[in-house]
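Okay, here we've got a single chain as C-alpha cells, the form predicted on its own, with questions on binding and movement later.
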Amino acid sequence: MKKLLLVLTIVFCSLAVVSANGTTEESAVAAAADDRIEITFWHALGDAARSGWIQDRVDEFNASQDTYVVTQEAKGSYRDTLQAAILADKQGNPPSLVHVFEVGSQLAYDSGIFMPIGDIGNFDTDDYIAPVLNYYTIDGKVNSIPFNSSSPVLYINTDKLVEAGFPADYVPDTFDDMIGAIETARERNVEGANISFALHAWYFEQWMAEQGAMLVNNDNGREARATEVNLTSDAAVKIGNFMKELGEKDIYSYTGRFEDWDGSDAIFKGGQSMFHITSTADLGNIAKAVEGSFTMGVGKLPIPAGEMRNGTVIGGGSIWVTKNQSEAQLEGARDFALFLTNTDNMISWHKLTGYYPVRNSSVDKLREEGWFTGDAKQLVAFNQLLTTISNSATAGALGGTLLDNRTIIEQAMQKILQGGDVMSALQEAKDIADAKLAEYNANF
C-alpha cells in the first residue's frame, strides 16, 4: 500500500475522469450483454485517427474468436492513464491492459499492479526488434509489449544546405559538423541558418545513450535500483558544452518554452531553420507540411565528435497487463496485445502514424513491398533503429523520478543557453535530481 500511495502522490496530481475518445455507449452495452470474457484496454491515444485505428483492431479481434470481447478507452494523457489504472486497481476494478509511456516504466513496475507479460504462458518474442524490446525488459523478464515506438532523427532543409554550397545529400554526423554547416550558411547569407528542436530532456537522454553512457547509476537502474543521476559525467558535460556553443553563437532557435514540440516543428516548417531534430513519428506530418515549400532530407541524429555511434533509446509507449485478473483474463489480455502488435497490424500502424513497427517481420514485409524505396526518409529512421546496439545505455534508464529529471535537465539546459556555467548548472541539476531520487527510493 505504501508503494501504491507513493506512486500516486509523487507523480500525479489529478485523475482524468472523462475519456477523450473511448468506447461508445452502444459497444459498452454490447460488451455487458456478451457472455464472453471481457478484456479492457486503457490507452493514451485519444485523437480520432489513432483511437479509430485501435477500435478497428478491437473489432477485428472480437470477430476473430468467441472467447473474449475487448473494449478500448482513451483515458487522457499518459500520466492520466497510468493514474487511472492504479486507482481502479485500488478500487478492485482494474483494466486488463494499460498503455504506459516509456519513462513511466519504473513507476508502473513499482506500483505493484502489473505482472510481466512474459510470465503469462509461453509466447515467442524473438520477432520483436531487439533494441525496442530491450527497453521493456526488466530483471530479465519482458514486462510489457512495445506498441508505439519512435526515436529522434535529423530533418534537413536541403534547399538551404545547397544554397550554402553543400551537396544535396550532405548529412552532418556530429555536433561540430552541424555547427560548421550553419556557420558556412551564415557566411553566405542563407536566411534561417539555425538549428531547431524542442527544449526537451528526451534529447539529452538520447545523446547520453549515443555515447554509451548511463543516465543513472547501477547500470542505468537495471542491475539494481538507481540511486544517482549522472548529470556531471563526461558524456553529460559534452552535451552541456554543445548547448553552450549553440547559445553563444545564437544558432539555436526555439520558442522559449519547455517541451514545445509543435512550436519547434513550426519553426522548421516555416523555413526558419536549416536543421531540425524531432521524433521519427513526425516524418509523415512534417514531410506533408513542407511539400511544395522546400525539399526535405533526413539523417541520423548528430552526436558529439569523437564518439562511436551506440544508438538511440526507444521512445513512445508499451502495453502492460494488470495482475489482479482471472487466469482466463490474463491470457486474453496477452492474446490481444500480441494481436495488436502482429506483423500486419504494425505495418498498418506505421503507415498511419510514422511510429516504428516493432517487429522484424514487419520491416521485412515493408522492404518486400518497396515501401522504403518509395519513401527513403523512413529508411534512414529504420537504419538508425536497426543499427542500435542493444546494451544498458540504449535500453534506457529506469528510475521512479525520470519525469522530474526531465524538468530538472531542461531547466539546466536553459540556464546554459542563457550564458550559465556548464558545470555549475549540471551540478545543481544533479543535486536536485539525486535528492528527489533518494526521497522516492526511501519508500521502497
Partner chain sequence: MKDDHGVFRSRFTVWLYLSPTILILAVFIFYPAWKSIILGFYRSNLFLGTRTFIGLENFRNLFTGILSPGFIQVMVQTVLFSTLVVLFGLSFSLFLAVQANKNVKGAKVYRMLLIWPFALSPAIAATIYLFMFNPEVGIVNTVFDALFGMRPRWLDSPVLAFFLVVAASVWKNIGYNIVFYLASLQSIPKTPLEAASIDGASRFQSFKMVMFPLLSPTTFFLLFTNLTFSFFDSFAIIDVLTKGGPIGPAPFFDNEGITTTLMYKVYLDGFGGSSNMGFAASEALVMMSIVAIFTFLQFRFLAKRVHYEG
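All values derive from a computational prediction rather than experimental measurement. Positions refer to the first chain, counted from 1.
Below: the form predicted together with its partner chain, not depicted.
For the residues 323, 309, 79, 365, the 4.5 Å heavy atom test against its partner chain in the predicted bound form is passed only by 79. With the partner omitted here, the residue from 389, 380, 403, 37 that has a non-hydrogen atom within 4.5 angstroms of its partner chain in the predicted bound form is 403. Comment: 86-94 is the region of 130-138, 164-172, 365-373, 86-94 lying near its partner chain in the predicted bound form, near meaning a non-hydrogen atom within 4.5 Å. When its partner chain is considered in the predicted bound form, residue 111 lines it closely, a heavy atom lying within 4.5 Å.
Residue contact check for residue 254: one or more of its heavy atoms lie within 4.5 Å of its partner chain in the predicted bound form. At a distance threshold of 4.5 angstroms between non-hydrogen atoms, residue 415 is in contact with its partner chain in the predicted bound form. Taking non-hydrogen atoms only, residue 107 approaches its partner chain to within 4.5 angstroms in the predicted bound form. Contacts between 412-444 and its partner chain, taken as any heavy atom within 4.5 Å in the predicted bound form, involve 414, 415, 418, 428, 431, 432, 435, 436, 439, 440, 442, 443, 444.
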